[in-house]
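In the form predicted alone, a lone chain appears below as structure tokens.
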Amino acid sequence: MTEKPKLRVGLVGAGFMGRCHANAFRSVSGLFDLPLDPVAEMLADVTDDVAVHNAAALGFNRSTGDWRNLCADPTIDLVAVTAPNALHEPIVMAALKAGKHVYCEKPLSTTLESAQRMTAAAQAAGIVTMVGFNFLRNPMIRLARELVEAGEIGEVVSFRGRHAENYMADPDVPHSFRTDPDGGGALADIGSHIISMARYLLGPISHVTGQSRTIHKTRPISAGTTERAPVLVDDATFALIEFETGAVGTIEANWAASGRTMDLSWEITGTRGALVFSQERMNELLICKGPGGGHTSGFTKIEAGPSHPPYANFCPAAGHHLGFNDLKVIEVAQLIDAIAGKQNPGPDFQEALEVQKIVSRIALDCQSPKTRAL
């Protein structure tokens, strides 16, 4: 058997998403027939000691306490960026300058201007980029788009989307990169996910208006301290949106939603039916066909199974369920195919920039004088 060419991966960051990336690169070759063989080559972290520890834990051959060394290393083919959002631009720019393919976690950057610079640099470099909107990899989401495009629910009239979690519901959760005014807040952090989902399902968004709220006005400056500092970002943002197709709807981003751990959910209503999905039941898609009425009308559950690619790569039986980490494995498989020359399914930097534009426009509207009072 001919040995496949190697794809040597450098990973920046070993936190929650870094570990998710590492798992995907370790697992993907056993689940997908890929043209390249990914190798976990180097991990960069905050110090040399931390990097050594995490590289050993996550199966990387080498480590460094300076991401600049990783980006400049001539053996690295792909740089995966899971560092805090404010570091995305300098890391990505260094990787692009060195001619590396780039796999960046969402959001692409902290400001629209930064995302524009990164996208322009990627286009000039002519390399493959992908941004980690991994919820789009769910076979049920792919099926939903196919049903919409096939006209199964008629002309789409409205969209109601929400990404709500509770990880900032406690007012004593300390400040972090997520609450940094330079690109932090619920809208940028998790709102980008539901915006990317809306665009994937229904296409470009043409008009937005928004309103935000900071629920907890202060937070501890760090863990274990009683000293508090003001919160200058949103805990919850609500937006009215209109798609280029004429469909209208709402989007909510809320990271202080008590009781919600992963409510990435949406409902699409059409003239001949509707679709409903929630990431809390990520292996199910609900469909209603027809206008309703009658004693047997309502939604029918479609359960994920081998007939919904690429579910069968993981399990031959329906109802056994994919999980969050499996979505990242699917994303990595598509990334490797793109690097090998197959069509890039995205989202690439250009698509992530479009999401950033919507985030920025909603945020700008939230900051404008409130002229909507009755």
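We number the residues from 1 along the sequence you see. In this text the structure is predicted, and so the values were computed from the model without any measurement.
Omitted here: the form predicted in complex with another copy of the chain. The next part is about that form.
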For this session: Would you confirm whether the three residues P35, D73 and S222 all fall within 4.5 Å of another copy of the chain in the predicted bound form, going by non-hydrogen atoms?
Result: no
Seminar exercise, completed: Answer key: of S114, T269, T82, S192, within 4.5 Å of another copy of the chain in the predicted bound form (heavy atoms) is T269
For this session: Would you mind picking the one in E252, D77, E89, E105 that has a heavy atom within 4.5 Å of another copy of the chain in the predicted bound form?
Result: E252
Exercise. Hey, in the predicted bound form, is L232 touching another copy of the chain, heavy atoms inside 4.5 Å?
Worked result: no
Exercise. Can F159 be called a contact residue for another copy of the chain in the predicted bound form at 4.5 Å between heavy atoms?
Worked result: yes
Exercise. Taking heavy atoms and a 4.5 Å cut-off, does A239 contact another copy of the chain in the predicted bound form?
Worked result: yes
Exercise. Are any of the heavy atoms in N325 no more than 4.5 Å from a heavy atom of another copy of the chain in the predicted bound form?
Worked result: yes
For this session: Select, from the options 260-268, 119-127, 223-231, 95-103, the stretch whose residues sit within 4.5 angstroms of another copy of the chain in the predicted bound form by heavy atom distance.
Result: 260-268
Problem set entry | Members of 207-241 lying within 4.5 angstroms of another copy of the chain, judged by heavy atom, in the predicted bound form | H207, V208, T209, G210, Q211, R213, I215, H216, F238, A239, L240, I241
